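Only one chain is shown below, in structure tokens, and it's the form predicted on its own.
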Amino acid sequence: MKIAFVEPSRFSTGNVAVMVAEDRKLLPTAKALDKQTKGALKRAMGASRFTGKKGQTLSIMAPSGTRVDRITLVGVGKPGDIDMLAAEAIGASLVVDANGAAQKALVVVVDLPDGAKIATEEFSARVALGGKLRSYRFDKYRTKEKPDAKPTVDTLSVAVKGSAAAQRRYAVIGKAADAVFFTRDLVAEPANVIYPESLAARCKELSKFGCKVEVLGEAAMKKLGMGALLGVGQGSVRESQLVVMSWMGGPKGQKPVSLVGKGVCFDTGGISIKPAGGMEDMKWDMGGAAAVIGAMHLLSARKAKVNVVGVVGLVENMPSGNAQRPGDVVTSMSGQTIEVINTDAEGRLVLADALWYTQKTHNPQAIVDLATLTGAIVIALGHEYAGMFANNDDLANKLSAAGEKSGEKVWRLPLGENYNKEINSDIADMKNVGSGRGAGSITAAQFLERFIIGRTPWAHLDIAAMAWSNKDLPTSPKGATAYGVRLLNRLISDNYEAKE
């Protein structure tokens, strides 16, 4: 879908969306259209439940005598309701509405009520971004599809006074859509297409933005002593990989921010095999790695003034005659030994070596890992928040703020010594699951904390409930969400990036 910015006097005929504030207050363009249509907009509102509340829409066929064919009223609510996320949601909802009416072109005329605390150019750019994000489809494997099932909107034009300023702003934030689409594609691909080596190859595409990409194979990881990661992948015919992506756009000598992702490209559970029902969804068990890759895509594409290193451990967890067994003991890169009680608690083993490698090699000022780690987090938080665990209040607060601003929210959960004791092993330094069924997400985080060196600020995000959605979301259709890309970008831009 193409994005364009035009002056209000220059939009063409077709499907036009105009804005209405709460209590059915027509904003200037809507007021002018109502006058042209001899009160049609007011009559339509009077015959409906549309009141102009944030997110409401009402569409009517335009009466004869106007140059437009279809008019959509969109509620912006009160001045205090209007922010970046609201603007994105408006753009997204209007694209859905226009597709439902089989429209090819959509024009959104931007008018804001007095008192709105967002600049018009920012609001306009966010409307365009929301529409772009919602237009995503993963349909490359569909060979037959009914014409009425396909989206029709091919152009979204935002009509706003000072359109050049809005265009410039979109040129900056619009790169997020490219990174999000790249990430969604990675997660949506089947496991016979995306596996450790092919995903590592996709990471190399970031080189075009100036991001340095290094791939370590099994021989290199064995030399480094990564027994935890390699143990997970040993049952697969696919070779495990560790990918290191470096973007050095910040001041020379600045310690990097490090992002680490779990990349289990398919998770059968190994010998502790999962039930057959729903196992096909385990192609997205690399959602944490995909988020890190997408964040590196966005940061390098927009030339962020910061040093960032992204590390992803890529494996397949498969059952075979060579697969890791329950009861095996592996030695991690840190030298700590791990008794593998459950081979389906594999993501933490991958992250253990990836975290240690990242700290030893890059000495980061802060480290954030993302993983579709536990089903327990879905039970605890549903699909509204990712679970956050942190050893540093400042980093936790920064992530919480970034989550609220980006719409990718996190909720902090506790760590503590009593939880930590749950993963003590009788024969090794630790075991990879807790003693009972309780606090599964917390004991997983406690396991990871044992691989954080000293006082390095660290946060773990359990995104098991967020990487994929079984329903449409405001700016994301059903399927892969790319959760984490915009959260990490916001975290870095607000707190670590050099300012002009």
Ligand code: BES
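Here the structure is a predicted model, which is why all the values come from computation and not from measurement. Numbers for residues come from their place in the sequence shown, where the first is 1.
The protein also exists as the form predicted together with the named molecule; that form is not presented, and the subsequent description refers to it.
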Using 4.5 Å between non-hydrogen atoms, is G375 touching the named molecule in the model of the complex? yes
Taking the named molecule as it sits in the model of the complex, is W284 near enough to touch it, meaning that at least one heavy atom pair lies within 4.5 angstroms? yes
With heavy atoms only and a cut-off of 4.5 Å, decide whether M45 touches the named molecule in the model of the complex. no
Heavy atom of V433 within 4.5 Å of the named molecule in the model of the complex: yes
Just to be sure I understand the contacts: of E408, D353, D267, D369, which is the one whose heavy atoms reach within 4.5 angstroms of the named molecule in the model of the complex? D267
As a check of understanding, the residue in R184, R134, H297, R348 with any heavy atom within 4.5 Å of the named molecule in the model of the complex should be identified as R348
Answer among 415-423, 117-125, 247-255, 338-346 for heavy atoms within 4.5 Å of the named molecule in the model of the complex: the stretch 338-346
Spell it out for me: taking the named molecule in the model of the complex, does every residue among R169, R486 and I492 have a heavy atom no farther than 4.5 Å from it? no
In sequence order, which positions of 217-234 have a non-hydrogen atom within 4.5 Å of the named molecule in the model of the complex? none
